[in-house]
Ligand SMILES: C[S@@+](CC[C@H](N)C(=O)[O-])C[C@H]1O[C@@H](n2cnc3c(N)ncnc32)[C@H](O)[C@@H]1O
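One chain is shown next in C-alpha cells, namely the form predicted alone.
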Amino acid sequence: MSAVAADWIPDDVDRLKASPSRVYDYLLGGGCNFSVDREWAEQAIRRMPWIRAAARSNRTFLRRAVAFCAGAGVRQFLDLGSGIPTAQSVHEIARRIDPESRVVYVDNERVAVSHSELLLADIKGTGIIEADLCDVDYVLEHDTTRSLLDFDQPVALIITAALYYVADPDLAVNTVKRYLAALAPGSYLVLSHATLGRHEQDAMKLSHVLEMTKSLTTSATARSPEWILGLFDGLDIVEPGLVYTSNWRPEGPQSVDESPWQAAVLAAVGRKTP
C-alpha cells in the first residue's frame, strides 16, 4: 500500500495481523492490503494455486447476480460483509440499469469501512455502516439504512463470501432469517458460501487453508451443500439453483476445465414471495 493511500488508514488498525477482507482484496488484484495480508495470501496460494481464481469467480458471480436483481426491478441493495470496494462494486453494477439504485454496504473491518467512506463520500444514494453483519437490529435501524432503503419495497440482500466467517451455524442461519423477515415480498437473497468440494485431495487442501484462517482476524468455515441450501428455505430459488459460482448464469460458453476452484464456492439467488 502506498504512503499516499496510507493517509486514511485508521490509527487503531492492527497491521500485524491479516484480515479476510484485505486478503480477498489482494486475491482480486486490489491495492488496499498490507504486507501481512499478502504474505498470508501467498501461503494460501502455495497450498491451493487456484484460490485466486476461486475469489475472482465469486466476484463475477456477484456482478451477474446484482445485474439479474436489477434487471428484475430491484432498486435497493443491502450488501453485508461488503469488504473493500473494487471495480464494479454493487452500486456501479446496479446503476447501469437504473442510476437511481440505492446501496447500503456493511462491514466490520476498519480498512474496508474507511476506504468505502472515502470512495462513497460524493456518491449520493450509497452509504457504509461499520457493523458486524450478525448485529441485525443495529444494521436495520441504522440511520444510513433507514435513509436509503424502504423496506416496504423489494431489497436485494447480498451475502457473498461473508457468512462463512460466522463460526456458529445457528447464529448464521438465524441471522439470514432475521434479515429476510424484514424484507418485502419480491426481495432477493444473493448468497455464496465456501464448501469442501467434490475431490478429496482438494477438500483436504481447502481444509488446511481454513485451518490457516485461525490466524486471521476472523476464521472461516466451509459448510455442506445441504446446509447452504437450507438458508433458502421459504424462498423461490432462481434457476439454475444452488451451483458453483462459475456455473451461475455464465455469460459465455462453459469451459470443461476440471480445476478445483470450480468446486470451492457454492452460490444461489432466491426470491421472497408473498
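For every residue, the number given is its place in the sequence shown, counted from 1. Keep in mind that what you see is a predicted model, and the values were worked out from it rather than measured.
Another form, the form predicted together with the named molecule, is not on view; read the next lines as being about it.
For the named molecule in the predicted bound form, the listed stretch (181-189, 159-167, 140-148, 118-126) containing residues with heavy atoms inside 4.5 Å is 159-167.
Among the residues 78, 94, 133, 176, the one placing a heavy atom within 4.5 Å of the named molecule in the predicted bound form is 133. For residue 223, no non-hydrogen atom is located within 4.5 Å of the named molecule in the predicted bound form, even though that partner is not displayed. Although the partner is absent here, residue 70 sits far enough away that none of its heavy atoms falls within 4.5 Å of the named molecule in the predicted bound form.
Though the partner is left out of this view, residue 108 does reach within 4.5 Å of the named molecule in the predicted bound form, counting heavy atoms only.
Using a 4.5 angstroms limit between non-hydrogen atoms, residue 58 touches the named molecule in the predicted bound form. Within 4.5 angstroms of the named molecule in the predicted bound form, the stretch 80-97 places a non-hydrogen atom from each of 81, 82, 83, taken in sequence order.
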